[in-house]
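The chain below stands alone and is given as structure tokens, in the form predicted alone.
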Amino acid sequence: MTRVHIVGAGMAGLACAVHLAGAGRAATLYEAAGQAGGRCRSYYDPQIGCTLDNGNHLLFSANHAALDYLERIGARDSLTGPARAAFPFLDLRSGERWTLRPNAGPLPWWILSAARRIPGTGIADYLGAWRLACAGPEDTVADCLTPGDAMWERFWEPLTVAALNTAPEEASARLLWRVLRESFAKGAASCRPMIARDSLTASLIDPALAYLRAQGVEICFSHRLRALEFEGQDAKVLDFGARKVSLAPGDQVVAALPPAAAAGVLPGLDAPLDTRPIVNAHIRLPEPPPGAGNGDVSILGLIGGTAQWLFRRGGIASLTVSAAQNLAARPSEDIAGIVWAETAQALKLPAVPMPPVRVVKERRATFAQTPDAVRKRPGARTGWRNVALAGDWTDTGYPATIESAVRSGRAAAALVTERSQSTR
């Protein structure tokens, strides 16, 4: 039986391996680090005293590829979130609070009710979505909408930064429209927010590794790909430094690597290399917020501050700052003070003393999702007959998220399967 060699055990590589293993294909999964997950991982932090995620990853009920992946590995019930689509917000400047609740179905009749609209907005403000739908390939979000008004500050800007990890002045309008088209434009059933109930590793990584091992997939940690050796139109050898793996006739390779790493081993690959950071902070709360129950999870959007989202699991509050180029350059101690002040205000907790805070900086969290970078996203197919690409940065039609990573893994699995069938 021919074998598929998957290099990279982040979400894209895991999704590819899961898809192939489910189809009965022989596969080997290689990972440079000592654990799987890539940017989607968890670890025990002694300062906070519990397991933390390296970042906050939000799924929507419309993320069908990611949810199918969870179903395959037996972890679909490990997600939690509100029973219905509801997005509470707080304006840290004014103290005003509101909740965005889309209605069922694609017709957005909820915007006709002043009580359901975002404070300070009118019906006409929501028509900006159609300008995004008509955006050209070079248009940014700011080109299509009206910067500075209430709709911009309280919806478009935070949505763009959260979904694309790129400021709206430079973010691709077409890419944001794809998010809207698959979520809010379809109604409440498609935009219910969900997060891992316990941890990213417990939901997305450990069950996948258990599934792959049960299917006979070989998993090799501490294998960093140094080079690919080619002969004509085919890759022939995977060079891991201390170990070289020769490819048998009919074997396939899936490079599920970050863009810079992929470009380093695939000559001539024009990948989007400009990146944007995300800063996350995890706080051990000194006391439960008013009305909080044990083990419950809540999500709160923050307007007018530094962080855009606050996630709370029981006694841990986690805040996310996307497109955080300036913040990531500051000392972690400064960041901790800023996010704790916003957390104390949001959860109505005493500001003094400051509890333990762990700051995590993902300096290359995603590629910069600008029109130019989106145009550079390659597909799964490469110039070599037995090499395919996977990664959230490839051309999945979706922003660089868990959903995009899983879609890319599935696309790569479909391509190598097609190639194998065509050579029989």
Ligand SMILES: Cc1cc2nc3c(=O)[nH]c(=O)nc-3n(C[C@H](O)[C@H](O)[C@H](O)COP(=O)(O)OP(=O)(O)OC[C@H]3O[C@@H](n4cnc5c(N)ncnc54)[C@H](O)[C@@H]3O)c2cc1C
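In this text, residue numbers run from 1 along the sequence as written. Quantities reported herein were computed from a predicted structural model and do not represent experimental measurements.
From this point on, the text means the form predicted in complex with the named molecule, which you will not see here.
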Heavy atom within 4.5 Å of the named molecule in the predicted complex - residue from R181, R224, R93, K244: R224
Heavy atom within 4.5 Å of the named molecule in the predicted complex - the one residue of L67, A26, A32, I48 that qualifies: A32
Interface segment, criterion being heavy atoms within 4.5 Å of the named molecule in the predicted complex, picked from 183-191, 276-284, 137-145, 327-335: 276-284
The named molecule contact in the predicted complex: N56, any heavy atom under 4.5 Å: yes
Interface membership of L257, the named molecule in the predicted complex, 4.5 Å heavy atom rule: yes
Heavy atom of R358 within 4.5 Å of the named molecule in the predicted complex: no
Proximity of V18 to the named molecule in the predicted complex, heavy atoms at 4.5 Å: no
Partner contacts in the predicted complex for 153-176 (non-hydrogen atom within 4.5 angstroms of the named molecule): none
